[in-house]
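Given next, in structure tokens, is a single chain: the form predicted alone.
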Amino acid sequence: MPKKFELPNNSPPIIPVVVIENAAKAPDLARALLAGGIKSVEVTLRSPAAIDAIRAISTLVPEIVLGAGTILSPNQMDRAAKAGASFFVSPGATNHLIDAAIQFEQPFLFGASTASEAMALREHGYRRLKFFPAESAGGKSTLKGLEGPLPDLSFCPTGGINQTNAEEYLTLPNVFSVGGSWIAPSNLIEAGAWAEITSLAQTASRLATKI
């Protein structure tokens, strides 16, 4: 059975999804999120600086639970794990990735957007999944539809989640968390607007705790 993904104790059910272009900014970003009450972050591997950013955060701000996102290959899993990532996230799932994930101690949030994809991951022992791309895959209506036939699965929707609709998703019984970039958008990270990011994190932290 794969290791179950868990949020930190007393953590709001929010996972910021961030793109970091300058690894030197990564520790300050993590501190800004923590100051706002957010205890986890997903650094996506969409920039050349991502692995260095993960390494910097894991070394200098070990209090935050650090994920590596947009995992597309076992090599990325290996590099992210060595840099200090404590969980993995992928937009989907392939047999190659599922087989490789067994070799790592980090929990994995594989992505699914249909009942068939969710059922396939369920057969491999995964009970907590990423629902992506949430809004364009039917959003809350799709998740409500999945609850009946797949009651033992719960989801972290990402893709189109924002401050306006996040709490609506969190009211669904099969949603354990939401992920999104609205808490720490790339322009604020590049500008070093840490106080503004902390303020956005504080607002997000006030969303009802679900777990």
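What you are looking at is a predicted structure, and each value in this text was computed from that prediction instead of being measured. In this text, residue numbers run from 1 along the sequence as written.
Quick note: we don't show the form predicted together with 3-phosphoglyceric acid (3PG), though the next part is all about it.
**Student:** Scan Asn174, Ser47, Ser181, Ser58 and let me know which has any heavy atom within 4.5 Å of 3-phosphoglyceric acid (3PG) in the predicted bound form.
**Tutor:** If I apply the 4.5 Å criterion carefully, the residue I get is Ser181.
**Student:** Using a 4.5 Å heavy atom cut-off, which residue among Leu33, Ala68, Ala53, Ile161 comes into contact with 3-phosphoglyceric acid (3PG) in the predicted bound form?
**Tutor:** By the 4.5 Å criterion, the partner-contacting residue is Ile161.
**Student:** Within 4.5 Å, heavy atoms only: does Ile197 come near 3-phosphoglyceric acid (3PG) in the predicted bound form?
**Tutor:** Taking the distances in the predicted bound form, the answer for Ile197 is no, it never comes within 4.5 Å of 3-phosphoglyceric acid (3PG).
**Student:** Does at least one non-hydrogen atom of Tyr126 fall within 4.5 angstroms of 3-phosphoglyceric acid (3PG) in the predicted bound form?
**Tutor:** Although 3-phosphoglyceric acid (3PG) is absent here, Tyr126 would stay clear of it in the predicted bound form, with no heavy atoms inside 4.5 Å.
**Student:** Does any heavy atom of Val17 come within 4.5 Å of a heavy atom of 3-phosphoglyceric acid (3PG) in the predicted bound form?
**Tutor:** Heavy-atom contact with 3-phosphoglyceric acid (3PG) at 4.5 Å: present for Val17.
**Student:** Does Phe132 make contact with 3-phosphoglyceric acid (3PG) in the predicted bound form, using a 4.5 Å heavy atom cut-off?
**Tutor:** Output for Phe132 is yes: heavy atoms within 4.5 Å of 3-phosphoglyceric acid (3PG).
**Student:** Only one of 166-174, 138-146, 153-161, 23-31 has heavy atoms within 4.5 Å of 3-phosphoglyceric acid (3PG) in the predicted bound form; I'd like to know which.
**Tutor:** Among the candidates, contact is made by 153-161.
**Student:** Enumerate the residues of 104-123 that have a non-hydrogen atom within 4.5 Å of 3-phosphoglyceric acid (3PG) in the predicted bound form, in sequence order, or give none.
**Tutor:** Sequence-ordered list is empty.
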